[in-house]
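Starting off, we have a lone chain in the form predicted alone, written out as structure tokens.
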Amino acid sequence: MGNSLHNVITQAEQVILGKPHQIRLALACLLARGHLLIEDLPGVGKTTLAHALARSLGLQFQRIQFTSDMLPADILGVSVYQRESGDFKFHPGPIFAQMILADEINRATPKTQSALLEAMEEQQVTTEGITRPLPSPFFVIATQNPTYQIGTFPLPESQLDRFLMRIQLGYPGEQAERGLLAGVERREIVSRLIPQMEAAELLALQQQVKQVFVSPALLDYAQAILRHTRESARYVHGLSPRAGLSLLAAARGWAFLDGRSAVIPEDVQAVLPGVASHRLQSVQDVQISDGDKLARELIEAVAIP
């Protein structure tokens, strides 16, 4: 891992205290060219983590606060008639940025949520019959409140599948919370963060991550995980091929952060809960909150070849 990435992690850990594993998962997701969903209670640092990563990585950043009355045009942009020229001029929406924070995404209606589908999958948006490319790199961090809270609309499976990872921050440990309570306001710390790299460097790192070697034996392990979810009666449905690709991409990112040029089984196990938790559902309880438990059970159930 280079100095730039090390500095990004160090800065993020100064803001989000006591959560080094979640910070590394978020970076592994970014290095794998994926999008990140953070699901947790309000007030545990979801939005702050997104701000800290954006500033540390030197990315153009836009925050979209999702509400129930938001329309797709509020995200994508709209064409406005120009009286002087007699034609329409397109005004880009906040989606045209390198990093998007989709804050409380599940407070918007499914119609508005779907406005992100094309952007996340193809890095472009189509409005009024015209396709417009988005900046590169393009990365979405979405925050989501637990679905049992009032005023939320559950994300459909097709939308969830666009997120390479889903993580939870949880409450801080006692020592970390003490430092949080006695320290400086987090927003002040974020405002003082210095970019540790430029977008071009991040794009180069993403290309390097794609070159991390995956052995045939490791592919056997990944396939065994996918096969187990499809054959077991424990799950409503098994992991898709896209989930398998996401698992390998995230494992490459995790290995790269550890300074290795090849993926080992421990890399797969480290990222599996993040990759699989929002894609697995139990036949006994289809609440998505049990996904982390199901992923941990999956690690124990499938032996390393």
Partner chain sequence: MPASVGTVRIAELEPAMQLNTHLIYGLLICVLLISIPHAEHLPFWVSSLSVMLLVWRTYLAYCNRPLPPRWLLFAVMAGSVGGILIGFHTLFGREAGVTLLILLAALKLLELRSARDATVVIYLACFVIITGFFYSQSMLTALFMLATLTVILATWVHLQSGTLALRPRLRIAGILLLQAIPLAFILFVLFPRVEGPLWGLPQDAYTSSGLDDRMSPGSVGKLALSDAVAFRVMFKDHPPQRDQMYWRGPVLWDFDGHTWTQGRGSFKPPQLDSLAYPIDYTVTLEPQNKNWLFALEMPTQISIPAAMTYDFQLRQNSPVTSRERYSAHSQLGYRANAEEDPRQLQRALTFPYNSNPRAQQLAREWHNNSTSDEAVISTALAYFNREGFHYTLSPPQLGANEIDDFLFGTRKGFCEHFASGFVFLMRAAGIPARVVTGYLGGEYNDLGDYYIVRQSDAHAWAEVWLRRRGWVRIDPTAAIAPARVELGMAAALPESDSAALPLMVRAQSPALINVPSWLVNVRFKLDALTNKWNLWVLGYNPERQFAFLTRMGMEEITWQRMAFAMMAGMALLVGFFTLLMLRQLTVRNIDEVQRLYLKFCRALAKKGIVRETHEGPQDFAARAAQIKPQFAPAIADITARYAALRYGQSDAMDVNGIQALRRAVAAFKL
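Owing to the predicted nature of the structure, the values given are computational and were not obtained by experimental measurement. Positions refer to the first chain, counted from 1.
Missing here is the form predicted in complex with its partner chain; even so, the following discussion is about that form.
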Would Ala217 count as touching its partner chain in the model of the complex under a 4.5 Å heavy atom rule? yes
Mark Gln269 yes when one of its heavy atoms lies within 4.5 Å of a heavy atom of its partner chain in the model of the complex, and no otherwise. yes
Report yes if any heavy atom of Ser232 sits within 4.5 Å of a heavy atom of its partner chain in the model of the complex; otherwise report no. yes
Taking any heavy atom pair closer than or equal to 4.5 Å as contact, tell me whether Ile264 reaches its partner chain in the model of the complex. yes
For the interface check, one of 256 to 264, 36 to 44, 23 to 31, 51 to 59 should have non-hydrogen atoms within 4.5 Å of its partner chain in the model of the complex; which one? 256 to 264
